[in-house]
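Okay, here we've got a single chain as C-alpha cells, the form predicted on its own, with questions on binding and movement later.
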Amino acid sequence: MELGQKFWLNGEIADVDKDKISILTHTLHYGTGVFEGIRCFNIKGNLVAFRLKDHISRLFKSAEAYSIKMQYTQDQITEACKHVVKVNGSKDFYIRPLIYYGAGEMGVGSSKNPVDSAIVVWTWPSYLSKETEERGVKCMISSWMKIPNESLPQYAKGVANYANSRLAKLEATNNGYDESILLNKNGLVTECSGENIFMVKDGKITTPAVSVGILEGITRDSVISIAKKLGFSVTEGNITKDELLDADEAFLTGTAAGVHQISRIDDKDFQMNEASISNELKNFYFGIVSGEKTGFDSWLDKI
C-alpha cells in the first residue's frame, strides 16, 4: 500500500504528512462519519473510476441517513476525487472520500461542529492476498451478530458500522479464516465484514436483500446486472445459514476485494472449478475493469 502524498481537505489540496487533525475531532470520539471506497483503473492508457457517480450518490445518501449536512455538491466531490488522483500521479488508486464532524463542541449530541470533507488515495493492488484469491476465500460464520437497521442504518456506509465488521474480521483471522459472515438477529445471512455475499444453488443465484441489514454494494449491484445480462436467475431475498451451507457455490463482492469465489465456509467446501457460475461472473467483472469487455462505458468515469 502506497499512500498518495497529496489529499483534498475542505476544498484545498494539502500535504498528507504535514496536515494535522485535532484530537478533539468529534467523529474520532463519537463515530458519526461516512465514507466511500472507489477503485480507479488504467484501461488501455485511460484512467477511469469505476461507477464514480454512483459511489458519490451513495455517499450523500449515507450522510443523509446520519443527519450530516454536506458542505459540497455531488459534482464538486466527484471532481475533487478526480483532481486528487491527478495530483498524486494518476495511478491505479483506491479513492477514499471521508465526511466527518471536526473539532468544536464535545458531547454526543453536539450539532455545531464543522462538517469536514477529505479525500485521500492510495495504491491497493489486492484487498485479499493473492494466495487467498487463487485458492478461494475461507470464511467462518461469525459469533458476532450483524447490527440491525433499527440500531444503525446498515444501508449507509457509516464509520460506526465498521466497529461491528472489525470485530467479526478479527474473529475470523484469529481462527485461521480469511473472512467472516455475519447473521442478523433472525439468524439470516447478511454480509461479510467488508463484502456482500452470493450463493448459487441448482444454477440459480441468490443474495441477501437490503432489508436484512446490508450495505447496498456498488459491486453487488454490478454483479447482479452482469448475471442478468448473462441470462442467470438472480433473487434478492432471505438466506438461512443452512441454505448457505447447502449451496453449490458461494462468492463475495466488494469495491476493495472485487469478485472472488469462496472455497470454504466453516467445514463446508465449495466448488472452485473453471466452469462454475461464480468463476464466470468473476471473469466477466474483471474483464470490464481491465477493458477486455466492452459496452460498459457508463460505469467507467474518465479521470
Ligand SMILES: Cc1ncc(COP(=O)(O)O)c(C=O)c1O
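Note that residue numbering follows the sequence shown and begins at 1. Not measured: the values here are computed from a predicted model.
Another form exists, predicted in complex with the named molecule; not displayed. Remarks below refer to it.
Trainee: Since only the chain is shown here, I'm wondering whether Arg51 would be in contact with the named molecule in the model of the complex (any heavy atom pair within 4.5 Å).
Mentor: Because no heavy atom of Arg51 falls inside 4.5 Å of the named molecule in the model of the complex, the answer is no.
Trainee: Is Arg264 close enough to touch the named molecule in the model of the complex, meaning at least one heavy atom pair within 4.5 Å?
Mentor: No, Arg264 stays farther than 4.5 Å from the named molecule in the model of the complex.
Trainee: Just checking whether Thr255 would be counted as a contact of the named molecule in the model of the complex - the rule being heavy atoms within 4.5 angstroms.
Mentor: Yes, Thr255 lies within 4.5 Å of the named molecule in the model of the complex.
Trainee: My question is simply whether Tyr162 lines the interface with the named molecule in the model of the complex - judged by any non-hydrogen atom within 4.5 Å.
Mentor: Yes.
Trainee: Any idea which of 274-282, 236-244, 23-31, 51-59 reaches within 4.5 Å of the named molecule in the model of the complex, heavy atoms considered?
Mentor: Stretch with heavy atoms near the partner: 51-59.
Trainee: Note which of Ile95, Val137, Ile218, Val189 lies within 4.5 Å of the named molecule in the model of the complex, where distance is taken over heavy atoms; exactly one does.
Mentor: Filtering the options by heavy-atom distance leaves Ile218.
Trainee: For the stretch 191-214, I need every residue with any heavy atom inside 4.5 Å of the named molecule in the model of the complex, listed N to C.
Mentor: Counting only heavy atoms within 4.5 Å of the named molecule in the model of the complex, the contacting residues of 191-214 are Glu191, Cys192, Ser193, Gly194, Glu195, Asn196.
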